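Following this are structure 1 and structure 2, which are two forms of one protein chain, each written alone as structure tokens.
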Structure 1
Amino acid sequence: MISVSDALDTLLDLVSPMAAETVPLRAAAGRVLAEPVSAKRDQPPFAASAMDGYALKSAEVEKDAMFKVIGESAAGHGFTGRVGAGQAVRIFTGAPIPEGADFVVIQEDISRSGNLITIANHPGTSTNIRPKGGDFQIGTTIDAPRVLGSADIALLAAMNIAQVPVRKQPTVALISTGDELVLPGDTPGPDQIIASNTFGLDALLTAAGARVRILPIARDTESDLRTAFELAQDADLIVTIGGASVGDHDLVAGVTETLGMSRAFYKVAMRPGKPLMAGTLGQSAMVGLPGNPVSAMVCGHIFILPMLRAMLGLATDTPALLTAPLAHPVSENGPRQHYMRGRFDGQSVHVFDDQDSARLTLLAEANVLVVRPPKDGARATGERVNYLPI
């Protein structure tokens, strides 16, 4: 067995960043920016009014001063003349500041009679003008890599960037194995269960930016497994679920060996998730996850998500563990690193009594994995422990 950190280092060595592709702006949300992009225009592209009011010369701004209104400047329809002494232009938010004006008195501070206005209240010191390029300027850069959120998309649009360079999405083929499995919605036989791991991992990996393909369940025969691997051979990452142990019906290791898999390791000193296998199969990286539902999902968080981040060109540093006091005592840990389901309530961590790796209900209730190092001693109420949010 190897340690969790050694296993993760090895897995990251099996993958490399995907190539870049260019997609329309509307398709870029949630994708990873592959290279820096620069603004093609200033924002705003002209000095603009920040308020509804009247544009005039700042040197003439004082209470009770009177001005003649000579025109109007609206968003999309600026005033083409010039503001002279004693003159003002009616202006609206977002409209260009007319030539000759450098101050906007808000409409609440103005009284108007026909084409004459009077500054009725002291207008304050703010010019109420947004300067040209005050938000960003031509050449302002958005650095890569970064996952593009809604605010990024708005910024790219304002920069007039219609085509965005992003990392290609890694294709992940999920292969569930076992005669005991049927798909959700099917009618299981008396000795069968539903293939839950496949769909949990699909959701986890899709949310992380992968393009996931769920392949047909591979039955416990070498021919079925061979067919599944043939269907997966063009994937960037192949993930098998179940069949990676050493029982009579665990065939993944043997079949992949005959198909030419270069195995990197087998078994990790962790709980849950010890029977984990990894290597390369053709051009694909491959990870064989254990079949217990919680084991598969925990390994997805600890190993598969960092692999995806590496493939997307993102940082792969191990997330910094958070710490919190225990809400109750916990017993000493065994010889393997233990990822214990628990719940952080904002003040302390409650570690669930039952850590059975087959109980998905407890995983669904958990919002943290408490990380116990090998041979960690018993901990008392109030002692701080490390945890990973999930």
Structure 2
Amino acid sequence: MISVSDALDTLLDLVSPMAAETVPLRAAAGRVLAEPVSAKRDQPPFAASAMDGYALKSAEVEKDAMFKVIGESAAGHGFTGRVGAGQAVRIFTGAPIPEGADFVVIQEDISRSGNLITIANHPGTSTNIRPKGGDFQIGTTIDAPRVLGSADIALLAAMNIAQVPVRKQPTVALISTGDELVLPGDTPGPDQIIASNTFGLDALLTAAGARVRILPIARDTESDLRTAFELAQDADLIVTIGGASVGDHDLVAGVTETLGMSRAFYKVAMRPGKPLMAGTLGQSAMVGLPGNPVSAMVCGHIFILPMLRAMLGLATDTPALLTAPLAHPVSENGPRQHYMRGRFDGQSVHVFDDQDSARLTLLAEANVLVVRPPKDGARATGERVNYLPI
């Protein structure tokens, strides 16, 4: 048996970052920036007022000073003249500071009568001016890689970057195998169950940025499996589910071998989800997951999501483990790394009593996988444990 981290290293070696493509700004939300981009302008593009008020000369600012209002500077319509001694320009938030002015007295400190204003209260020392380029300047970069969130999209817009270089989305072909499987909506025979892994993994991988193709369920025959692999051959990643022990032989292994796949089997020291197969088939990376629903989904979190991150050019060296105190004691762990379903309630983490890998209901109730290293000792209430949010 090999460790989870050795297995993951092997899987990550099978994939490489996707090429970049350019998409319109709006379509870049949630995508991964592929290369650094640079602002095409300064923000603000001019010295701008931070407040509604009057722009004038700072040297003339004192209580009871009077000024003549000679014009207005609004957002989109700056004042084109120059502010001289004893003069002021009505100005609004975001509007350009007119030439000759270097101070904005906020309107609350002004009394106005016709075109004359008086500084009624002593203004503070702030000029209320945002300097040109104060937020960013031409050439300021956003570094890659980076998952583009809503604030990044706003920032890219402000930088006038209308076309964004992002990593292509990896295509993933999902092949569920097994005579026992039928699709949701079908009527299963007495010995059959509904294919659930396919749909769960589809949702998981799609949310992580993959373009998922669900292939028809492959029956437990060589020809059915061969057809499925042919349909999958242009995918960046092929994921098979089940089929690793059909009767006494491994059907998926046999077929992939005849297709020329160099592959390896791994018994991974983990619970749930021990058996794993991996290799390369033509241009595609290929991973064979166990058919047990909870094992398949947990392996999706632990192995396939990091592979997608690698394909998207994101860092894979640090799993996003968090820590929280236990709400109750847990007993010692066995020799395999155990991913235990549980719930984090914002304060502490509850580990479910029942960890039967056939119980999908408990996976749906869980919002974390508590990660117990091999041979981790018993832990008391309040001890901090690592967990992966799911």
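C-alpha atoms forming the largest set that superposes within 1.5 Å between two forms make up the rigid core. The first residue in the sequence of structure 1 is number 1, and each one after it adds one. As the structure is a computational prediction, the values presented were derived from the model and not from experiment.
Between the two copies of this chain, it is structure 1 that is the form predicted on its own. For residue 136, a C-alpha deviation below 2 angstroms is recorded between structures 1 and 2 after rigid-core alignment. The two forms, fitted on the rigid core, differ between structures 1 and 2 by less than 2 Å at the CA of residue 33.
Annotation for residue 264: C-alpha shift of 2 angstroms or more between structures 1 and 2, rigid core superposed. Overlaying the rigid core between structures 1 and 2 leaves the Cα of residue 373 displaced by 2.6 angstrom.
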